[in-house]
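Have a look below at one chain only, the form predicted alone, in structure tokens format.
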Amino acid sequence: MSTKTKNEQSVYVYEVPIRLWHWINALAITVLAITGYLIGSPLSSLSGEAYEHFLMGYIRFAHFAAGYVFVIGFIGRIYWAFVGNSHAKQIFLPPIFSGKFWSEVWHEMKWYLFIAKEPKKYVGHNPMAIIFMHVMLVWGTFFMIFTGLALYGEGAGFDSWQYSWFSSWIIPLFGQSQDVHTFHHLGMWVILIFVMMHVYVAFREDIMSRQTLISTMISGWRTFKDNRKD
């Protein structure tokens, strides 16, 4: 930890690959959400002959391209969890068998509900954030990737690797293709709710906890301030 000023200290937390993944992932999710919504609720038909425009084709292409960026980014994120610093592993390996961890989760819950008066400061993610990110950014990502590739494989054909690896067992598991569509679409709304909560908490903690969150994901450095007024 390095001292910046009399009442500020900074520590390097998030390495470059983590920060790149965060912002690329955010962009991919934005494109996926917009195009996914339009695929589920198409725009009104355009005038003229179908061969004169390719609107839904472009929308589907953008969705598929962003989907592959999402998949490749997640594979890279898993790799960096093994080779990066200790903070790169946090969301993948929450210490769920630690009583101290769950007591800190409880404290963070009270802090977010405006019951606890003082926040605890953590160099990486706080325990409650670790739980939410583990569920949403690990298992939620797996769910969206697997169901998305299953739907893609259905269109790519029986001889595609997407069909062999995903469609062949995921679609029967859910019952039928439309059920996979429905749960994939619901997954999008769950992720969007998580994103809204994530953005709110980031701004809230930046202001109330006197520790940087937003700029940390840009520079990699987290700054802690004393609780006294500057």
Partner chain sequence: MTETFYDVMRRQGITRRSFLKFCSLTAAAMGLSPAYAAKIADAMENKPRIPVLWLHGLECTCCSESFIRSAHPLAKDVILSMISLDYDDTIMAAAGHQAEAIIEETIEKYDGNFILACEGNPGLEQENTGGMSCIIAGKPYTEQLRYAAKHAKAIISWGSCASWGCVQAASPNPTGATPIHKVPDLGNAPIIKVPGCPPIAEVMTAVITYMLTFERLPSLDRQGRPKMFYSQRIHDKCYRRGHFDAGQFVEKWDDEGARKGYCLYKMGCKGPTTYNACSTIRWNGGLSFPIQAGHPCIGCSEDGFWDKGGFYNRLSGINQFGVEENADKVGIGAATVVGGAIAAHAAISALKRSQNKGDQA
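Positions refer to the first chain, counted from 1. The structure displayed is predicted, hence computed values, not measured ones.
Note that the form predicted in complex with its partner chain isn't included here; everything after this is about it.
Work out which of the listed stretches, 69-77, 111-119, 83-91, 98-106, brings a heavy atom within 4.5 angstroms of its partner chain in the predicted bound form. Contact-bearing stretch, as computed: 111-119.
I have 53, 176 and 182 flagged as a candidate spot, so tell me whether each of them has a non-hydrogen atom within 4.5 Å of its partner chain in the predicted bound form. Yes: each residue has a heavy atom within 4.5 Å of the partner.
Please check if residue 169 has a heavy atom lying within 4.5 Å of any heavy atom of its partner chain in the predicted bound form. Because a heavy atom of residue 169 falls inside 4.5 Å of its partner chain in the predicted bound form, the answer is yes.
Could you tell me if residue 60 has a non-hydrogen atom within 4.5 Å of its partner chain in the predicted bound form? Close contact exists here: in the predicted bound form, residue 60 approaches its partner chain to within 4.5 Å, heavy atoms only.
is_contact(residue 28, its partner chain) in the predicted bound form, heavy atom dist at most 4.5 Å: No - in the predicted bound form, heavy atoms of residue 28 and its partner chain never come within 4.5 Å of each other.
In the predicted bound form, is there a heavy atom of its partner chain that lies within 4.5 Å of any heavy atom of residue 161, even though the partner is absent here? Flag for residue 161 set to no.
Can you tell me which bits of 71-90 touch its partner chain in the predicted bound form, meaning any heavy atom within 4.5 Å? Residues within 4.5 Å: none in this stretch.
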